[in-house]
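Take a look at this one chain, the form predicted on its own, written out in structure tokens.
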């Protein structure tokens, strides 16, 4: 049996909705507070499971109400949580999100995510080694990310690295992963002194660059392929990138072509922005296929 293993963060998102974003030193009145399970790792796991992936989440939460809610939510969305470690005397990670003026601002506290170390990975390696693909992000210690990339490379397990939030990464990580999925801002930081076109030509079919509502671009042979996004009404962009990554991983494991996989993931991401909350807004398979069928 082949699985999708997501190794990453589990956070509780604390979303404050407001008409305007406060400036430094300013206090404004919010409209409502929403508590929603999140974290880039957990988000990608849920996104993949909801569109048909058989997904294991590997990570850490605290022995607190947020951690309990996180595990229940993962399970309710069909994600295996056997390797989500509940740590005593640790808090579950949190993300504090201001949703205003059609976009979001986020501050993250790592909490138990900082304890996702090599021992946590080794404990789950039996299932990770059976994976069709591994999903990684930058919300757990980067030493752990590097350890997974090297071990997966040695054992020829495909890895999708979503390099967010941005951090300096060694070039050999890029060489060893199967897919790197930066947005255009992250790509500019990872590849300084290179144009967008130079990046995509240098890493054809590996760098899959998201460019917001315009969609996705990647290199293929000597050309740049642009897969347009979908024109939808935006309520909350939180988790859209994670939805893309989870759906893209599922599509790749199903043997879809690169363009088909990107289009599938674009559709999932487009649907995700129509509701508030990262995981709550993520679509199920039938919704994605319906959007794709309407837009052919």
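Residue numbers count along the first chain shown, from 1. These numbers come from a predicted model, not from an experiment.
Quick note: we don't show the form predicted together with ligand RIB, though the next part is all about it.
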In the predicted bound form, the one of 53, 62, 59, 239 near ligand RIB [non-hydrogen atom within 4.5 angstroms]: 239
Selected contact from 121, 152, 95, 207, since only one has a non-hydrogen atom within 4.5 angstroms of ligand RIB in the predicted bound form: 95
Contact of residue 246 with ligand RIB in the predicted bound form (heavy atom, 4.5 Å): no
Ligand RIB contact at residue 132 in the predicted bound form, heavy atom, 4.5 Å: no
Non-hydrogen atom contact residue 188 with ligand RIB in the predicted bound form at 4.5 angstroms: no
Non-hydrogen atom contact residue 217 with ligand RIB in the predicted bound form at 4.5 angstroms: no
Which of 223 to 231, 251 to 259, 34 to 42, 267 to 275 lines the interface with ligand RIB in the predicted bound form (heavy atom within 4.5 Å): 34 to 42
Stretch 105 to 126: residues contacting ligand RIB in the predicted bound form, 4.5 Å heavy atom cut-off: 106, 108
